[in-house]
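First, one chain by itself in structure tokens, the form predicted alone.
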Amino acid sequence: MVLAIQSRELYIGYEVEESATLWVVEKLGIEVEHKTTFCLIGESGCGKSTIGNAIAGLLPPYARTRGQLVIFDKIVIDRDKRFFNGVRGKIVVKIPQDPASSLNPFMTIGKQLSLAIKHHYPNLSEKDVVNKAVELLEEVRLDKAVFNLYPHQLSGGMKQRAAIALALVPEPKIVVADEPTSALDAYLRFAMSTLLKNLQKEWELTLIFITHDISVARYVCDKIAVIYAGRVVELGKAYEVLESPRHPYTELLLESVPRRLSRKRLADIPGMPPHPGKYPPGCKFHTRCPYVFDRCRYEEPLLIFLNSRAVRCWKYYGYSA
């Protein structure tokens, strides 16, 4: 087994004052096998994008870290130090949630692809650069006519595909896709998910897929980490987590998804998630959990392993309400 990503007691926070840090992600310990799709799911503000940015080497200067993050045996975060040279933008790339943020509105798609290709492959001839750009467009199922179009001439789905083509220029090993389907309608969400799933197989990528859309996660992912208040609360194979959830938060997430025929939710998750970095004591989910008992309020459970599943919940330590 080749590990593409491994984190060890990783903490990620943001400096809010000279001596104060809001720790958004705490105690993160994950292992991602190469050539698989690993999903991070959870509500907005749970820390998914912060984890994705850490993997992609895109944390801002005011971010603070502890612990370690390893990418293909290279330590890229070691306590408060970061070492992403030669990794960021080459081995690891990120597909943004808003494709417009990665596309220059004043350049054609072909021009943008060509500039990126020349940067990574300076010895290619002009003809080879154009051919490679067209090949990349075809890889993401765009017609070669898109080469001469500007971003404003493309639909939302086409812009997203163009952004993916741009991300694939350096032939990365790891792709971080942050909510790539959130701005698309149901049909395009399925089409985009299918594209990413196919690219992951064809290019033998490690795909970090960040989403709150469980229907997409069910279709795309090999393994799922459910994130709440900056912690992994459940981890396992996608079909196991989604078919038989163990953590109360995962249960409620699945119950809050509208059913296909009625489009009605079985239930809404009570309460609101805590503000990032301002988490309650004890189990971070205890203020919303239907199974809460006294110990949950003052002591946080560790992530325990149950066969092929990991769960952070006192229910599985032999305690009951």
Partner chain sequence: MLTLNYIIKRIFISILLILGIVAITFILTQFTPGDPAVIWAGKPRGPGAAIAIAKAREYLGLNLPIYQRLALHIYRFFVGDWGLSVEFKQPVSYLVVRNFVASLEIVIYSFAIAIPLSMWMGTKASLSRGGLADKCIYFVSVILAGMPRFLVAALIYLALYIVGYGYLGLRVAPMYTTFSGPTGMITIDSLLLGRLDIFIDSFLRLIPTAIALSTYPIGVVARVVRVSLSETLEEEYVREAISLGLPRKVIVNKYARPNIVPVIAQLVGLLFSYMILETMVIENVFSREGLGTLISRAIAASDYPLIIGATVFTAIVLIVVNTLADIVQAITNPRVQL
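The model shown is predicted, which means the values in this text are computed figures rather than measured ones. Residue numbers count along the first chain shown, from 1.
Keep in mind that the form predicted together with its partner chain is not shown, yet the notes after this line are about it.
Colleague: Is there a non-hydrogen atom of H152 within 4.5 angstroms of a non-hydrogen atom of its partner chain in the predicted bound form?
Modeller: The answer is yes: H152 has a heavy atom within 4.5 Å of its partner chain.
Colleague: Report yes if any heavy atom of Q112 sits within 4.5 Å of a heavy atom of its partner chain in the predicted bound form; otherwise report no.
Modeller: Taking the distances in the predicted bound form, the answer for Q112 is yes, it comes within 4.5 Å of its partner chain.
Colleague: When the contact criterion is heavy atoms within 4.5 Å, does C221 count as touching its partner chain in the predicted bound form?
Modeller: No - in the predicted bound form, heavy atoms of C221 and its partner chain never come within 4.5 Å of each other.
Colleague: Against its partner chain in the predicted bound form, would V216 count as a contact residue? Criterion: heavy atoms within 4.5 Å.
Modeller: No, V216 sits far enough from its partner chain in the predicted bound form that none of its heavy atoms falls within 4.5 Å.
Colleague: Tell me which of 127-135, 82-90, 186-194, 238-246 has residues with heavy atoms within 4.5 angstroms of its partner chain in the predicted bound form?
Modeller: Result of the contact check: 82-90.
Colleague: Which one of L205, V76, A167, V146 is close to its partner chain in the predicted bound form, taking close to mean a heavy atom within 4.5 Å?
Modeller: Only one listed residue qualifies here, and that residue is A167.
Colleague: Using a 4.5 Å cut-off on heavy atoms, which residues of 38-66 contact its partner chain in the predicted bound form?
Modeller: In sequence order, N53, L58, P60, Y62 come within 4.5 Å of the partner.
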